[in-house]
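Shown here is one chain on its own, the form predicted alone, set out as structure tokens.
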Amino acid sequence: MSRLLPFLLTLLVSGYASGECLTRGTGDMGVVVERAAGSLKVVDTSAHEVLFRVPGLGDLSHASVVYSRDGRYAYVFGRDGGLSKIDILCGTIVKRIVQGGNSIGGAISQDGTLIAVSNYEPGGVKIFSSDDLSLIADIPATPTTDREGKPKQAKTVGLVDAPGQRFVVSLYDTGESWIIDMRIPGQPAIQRFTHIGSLPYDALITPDGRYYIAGLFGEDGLSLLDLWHPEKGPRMILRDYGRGDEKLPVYKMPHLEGWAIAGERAFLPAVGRNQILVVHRGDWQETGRVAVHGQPVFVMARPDGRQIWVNFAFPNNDVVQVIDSETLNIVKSITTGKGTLHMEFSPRGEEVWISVRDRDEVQVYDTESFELTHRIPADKPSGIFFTARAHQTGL
């Protein structure tokens, strides 16, 4: 018994041993990315505790995660081109491959059978089986040249899943958006839309899966594609929203996948400005702006749409602000700490989890009282991803 005591104490302090699989549901589980260490922490969001730590996942400096339909498997997209399948009930790596040289995100198909990855290097989109990560399709991007005139493929960005077993992606260098139809897995059918705007850097899809919106770094405005009527092609919205104003230096690009919808309003970050753009969803016309603490990175709605939570780029990345979605007033500013990188709401919105890199912790807040209720230690945390995403289009 004396030999077992240290082991049992370790389990109580640090969670379950990796490989000791749990028998439980996954609905209140999630992962926290430890970006510098190349690891994940698997968490229980009801108990606010760490269940497992999964190391050996490579460069997670811009990592994102999607989930299998049953919420058991997390697919992790690393910046180094790594694609890893994690069993969150066992805290183990099922399989890991390096499919590219520089990746920027991915998506899982509507039926959960396909995993798509977008690549900076070598460019293009690769699509894998969610079962064994075997390659299903390798779709090259449009050829272009680098700054020295050498040939290369365009960077692919803003990859999302869409209804109809489709993926939608944009091409940074060539100003395109593509719809990739994967209903016949080995024969991708691609609709290519050119001249969508200058330098699309990220994109989102509305929760109903109808509209795909790409943000533009090379000009003010966004490109909107109606996936119910793709034959109409993309159109520009919010054109010239910064007319007459000087842009500020951009230290971190906004993340559109964290965008917010509240009722008939959409809330979007303005590139290079300390503003949130408020847009009417019906005609996609601007209806207002909210001046905020810094350049917004994530602009996220609480699941009921009543609040909009915003975090910011360097050097103002130590504060989170909360906007009342009805009045557009800032109702709370919370000093979280330097390196506040990501937010994730509990599925029904009573809590928000916030990663604070420079404090090596995740902070949990009550969204009604704004009280800090829990601190969860993590090594340079960034992305937080709960399993509720398994049932949401585009996340």
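When you see a residue number, it is the position in the sequence shown, counting from 1. All of these numbers come straight from a predicted model, not from anything done at the bench.
Beyond the structure shown, there is the form predicted together with a further copy of the same chain, which is absent from this document and is the topic of what follows.
> Would you please decide whether residue 349 lies within 4.5 angstroms of a further copy of the same chain in the model of the complex, comparing each non-hydrogen atom pair?
Yes - in the model of the complex, heavy atoms of residue 349 and a further copy of the same chain come within 4.5 Å of each other.
> Considering non-hydrogen atoms and a 4.5 Å limit, does a further copy of the same chain approach residue 26 in the model of the complex?
Yes, residue 26 is a contact residue.
> Given that the partner is absent here, does residue 76 sit within 4.5 Å of a further copy of the same chain in the model of the complex, heavy atoms only?
It does not: once a further copy of the same chain is placed as it appears in the model of the complex, residue 76 has no heavy atom within 4.5 Å of it.
> Since only the chain is shown here, I'm wondering whether residue 22 would be in contact with a further copy of the same chain in the model of the complex (any heavy atom pair within 4.5 Å).
So residue 22 counts as contacting a further copy of the same chain.
> Out of 124 to 132, 284 to 292, 217 to 225, 320 to 328, where are the residues with a heavy atom within 4.5 Å of a further copy of the same chain in the model of the complex?
Looking at the partner contacts, the answer comes out as 320 to 328.
> Counting any non-hydrogen atom inside 4.5 Å, which residue from 199, 136, 89, 154 sits next to a further copy of the same chain in the model of the complex?
Contact check passes for 89.
> Mind listing which residues of 358 to 378 have a heavy atom within 4.5 Å of a further copy of the same chain in the model of the complex?
Stretch hits: a single one, 368.
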